[in-house]
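Two forms of a single protein chain come next, each set out by itself as structure tokens; they are called structure 1 and structure 2.
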Structure 1
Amino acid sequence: MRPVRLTMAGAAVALMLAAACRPVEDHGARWSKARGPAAVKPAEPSPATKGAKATEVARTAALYPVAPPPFSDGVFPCSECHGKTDVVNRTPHPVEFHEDIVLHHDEKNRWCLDCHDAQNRDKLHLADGRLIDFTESYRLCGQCHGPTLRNWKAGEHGKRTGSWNGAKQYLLCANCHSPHSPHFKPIKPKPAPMRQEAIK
């Protein structure tokens, strides 16, 4: 089976060219058609939204203080490129620009927008449509991996650092498992111990 390839690097160049010669108000529709990101920054969030976001983050922090989500350099916020008014093609299709992402995670049944929200790209959504922050992505993972989420909350699955009797930091699922290809990759071990006869 062929993993879905999200290719977009080529589009990045085209995007810059195009951004220079297109009327700004037109960008959303055009770029959605071209399956590339919008080149225009979204409007500043209103103070109200900002406040709401802060509260949300605070609530999450109180629940499970998590490590920062492992975004690749420069990709977040997603709304830098994806406009709110983009016309979205919801049929799974190869996506340009994000070509480094190879989907190896139930890719027969799932696609970008099953987790990423098309209207608010800076959020994820649960199966029922509720929006969540990337710092709460464990709720999304837990929809399929229920027992694992339960074990993660109890400290059995995953890594926690800090204090055994106090404040801890939880690694998010995504800190260890790439959500697009979750299998843990083999790594190079540290050197073997010296054999006793070699120790002088």
Structure 2
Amino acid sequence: MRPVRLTMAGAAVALMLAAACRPVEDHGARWSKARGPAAVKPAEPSPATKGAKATEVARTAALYPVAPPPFSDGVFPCSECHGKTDVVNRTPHPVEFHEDIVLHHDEKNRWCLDCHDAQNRDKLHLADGRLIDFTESYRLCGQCHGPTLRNWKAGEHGKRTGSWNGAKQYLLCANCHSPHSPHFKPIKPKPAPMRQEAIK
């Protein structure tokens, strides 16, 4: 009787391992009877989930009060020129009126609409499609520059103003780096100081 029990237990373990090792992307969620596209379709968040996310966003904003984004004169709000019902050409192409912007930021793989939302131009969007304000742009940057975002939050990168034990303000990434060309440009060196014997 004992060998039969051991065989049945082994078979059960083998079935569980096979289910656990099944690729999720091929067969939907593990341990679910649902199959096909419906199995991988994300569920609509409940009002409680939406409320929790709003609370999390507010908590993050309170933790990291930021300086105003450094908009160029006359470019914000973007909705003054871009309407929500505009037909958007999503293919990368030169953009009239913004020809002064030269993208040197992984430009072979990225384009304006990878960060700017196509429908709501006064917002940015994360990789998962969530809209964020320009004051939260550090979240967008942190998607690719995670260690730098961690250091920024800890005060090891970037600049804060204010009191160490009171109100303080974090400068956004865009306050120091151009989001379209973030590397610092070479600075022309100042002339060497005059030698003392040349001073009369």
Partner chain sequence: MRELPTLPLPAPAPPAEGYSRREALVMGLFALAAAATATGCSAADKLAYEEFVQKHFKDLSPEELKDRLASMEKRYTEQFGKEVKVSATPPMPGVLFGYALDLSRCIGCRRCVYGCVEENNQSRDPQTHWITVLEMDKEEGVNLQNANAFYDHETVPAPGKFYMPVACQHCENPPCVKVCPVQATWKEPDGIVVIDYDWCIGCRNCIAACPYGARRFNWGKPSIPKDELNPNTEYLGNRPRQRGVVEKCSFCLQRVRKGLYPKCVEVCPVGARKFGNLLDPESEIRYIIENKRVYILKEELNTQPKFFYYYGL
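Here, rigid core means the biggest group of C-alpha atoms that superpose within 1.5 Å across both forms. Structure 1's sequence is the ruler for residue numbers, which start at 1. In this text, all values refer to a predicted model and were calculated from it rather than measured experimentally.
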The form predicted in complex with its partner chain: is that structure 1, or is it structure 2?
1
Can you give me the Cα shift for Lys185 between structures 1 and 2? Core-superposed, in angstrom, one decimal please.
2.9
What does the CA of Met194 shift by between structures 1 and 2 after fitting on the core? Give it in Å to one decimal.
8.8
